[in-house]
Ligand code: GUN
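Okay, here we've got a single chain as structure tokens, the form predicted on its own, with questions on binding and movement later.
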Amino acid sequence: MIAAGRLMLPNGTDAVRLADAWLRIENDRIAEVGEGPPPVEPDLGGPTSYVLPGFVDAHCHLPQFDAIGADGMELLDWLAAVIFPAETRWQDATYARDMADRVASRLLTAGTTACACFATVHAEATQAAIETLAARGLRAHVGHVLMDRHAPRALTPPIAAQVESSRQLRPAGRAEVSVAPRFAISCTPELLAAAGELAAKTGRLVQTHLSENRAEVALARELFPGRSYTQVYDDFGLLSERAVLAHGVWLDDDERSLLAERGAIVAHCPTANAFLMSGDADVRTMRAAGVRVALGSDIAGGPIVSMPRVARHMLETSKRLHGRDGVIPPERLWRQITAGNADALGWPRTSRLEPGAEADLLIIEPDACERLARDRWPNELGYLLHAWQDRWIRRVVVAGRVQP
């Protein structure tokens, strides 16, 4: 199968570029990429099309997609009033499977072909979500949520049962299992220790939350006196190159240094930080300290599924904090939501248009008036980012298969 048009190709290690080019897909991989006219009539795309890598969302919550838009609350009140009831519904594994299938459709419609996501404490529902995302072809880390305090009784089963259930979960297709202590304040030291041991024994990715909200940070200090929020995770073996910690809004210099030393990843969630009034995470300062950064929608704290739009909010947050010094070039933002996020999640052959990569790609067609104006765009990548509309997506290819 041949796809052709304006291809978004790698440009060094931290950017992309556009070129008139083509690629050939064999089975689930990109077999060949060439610049210039395609060797034969393409099966996908054409002169007015763009071919992009599939988008990667580094942090979202599958059971929360129906809870988007519950406004006016900060994090802890929002969890109690909106999110814990939504997650309790996943005690019905059939409901969870059906919802995971709806969420897969929503992600693919927005061009997201890979994600790191949370399920719930319910092991049967988590296994159903893993199998459902795999059946739809998505690449995913699916977290079995662990928590045993500061949540309803229905969401805090005994530690031994949680850990054993989590241990027994199995990957399917391109969907993997991750260890997901929700955050330190919902886990006793005993559960955090068990989570760290499970991660060490299985090699699974760790997903959790860190320093999102001032009240949350204060509660963490109360529950773990004498330790910073970040140190708590380090104490229990949960801070490593295989750890993705969402938010990082209220980190101090010592915490950033510790994150950098351990190689851990902060999943920046600018739309959620704004919606829940948590504050602005300073990505520029994180990166200057050597912290690895990914980008997530954080549905449902974040109300936006579309990763190009989330990337625009990342830019706007950076400019709000740093003015002109905070401008992030569009070629870096496009890489962030494709190969950049994939690399952070341990997927070095995902979401990039190069030989040997998994064939996850999008065929997009900007509207007619925009195509006619293309020669006048001062910055083609910038225009595509800032004018982005999900309706431009004409075809989604996942693991070499064109989605219906």
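All values derive from a computational prediction rather than experimental measurement. Sequential numbering from 1, following the sequence displayed.
Just so you know, the form predicted together with this ligand exists too; it's not on screen, but the next bit is about it.
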>> For a quick test of understanding: in the model of the complex, does each of 334, 350 and 352 have a heavy atom within 4.5 Å of this ligand?
In response: no
>> I need the one stretch from 178-186, 236-244, 259-267, 150-158 whose residues put non-hydrogen atoms within 4.5 angstroms of this ligand in the model of the complex.
In response: 178-186
> in the model of the complex, which of the listed residues (99, 251, 75, 194) lies with a heavy atom within 4.5 Å of this ligand?
Replying inline: 75
> Heavy atom to heavy atom, is residue 49 within 4.5 Å of this ligand in the model of the complex?
Replying inline: no
>> If we define contact as a non-hydrogen atom of the residue within 4.5 angstroms of the partner, is residue 276 a contact of this ligand in the model of the complex?
In response: yes
>> When the contact criterion is heavy atoms within 4.5 Å, does residue 83 count as touching this ligand in the model of the complex?
In response: yes
> Wondering, does residue 79 line up within 4.5 Å of this ligand in the model of the complex on heavy atoms?
Replying inline: yes
>> Heavy atom within 4.5 Å of this ligand in the model of the complex: which residues of 293-308 meet that condition, in order?
In response: 298, 301
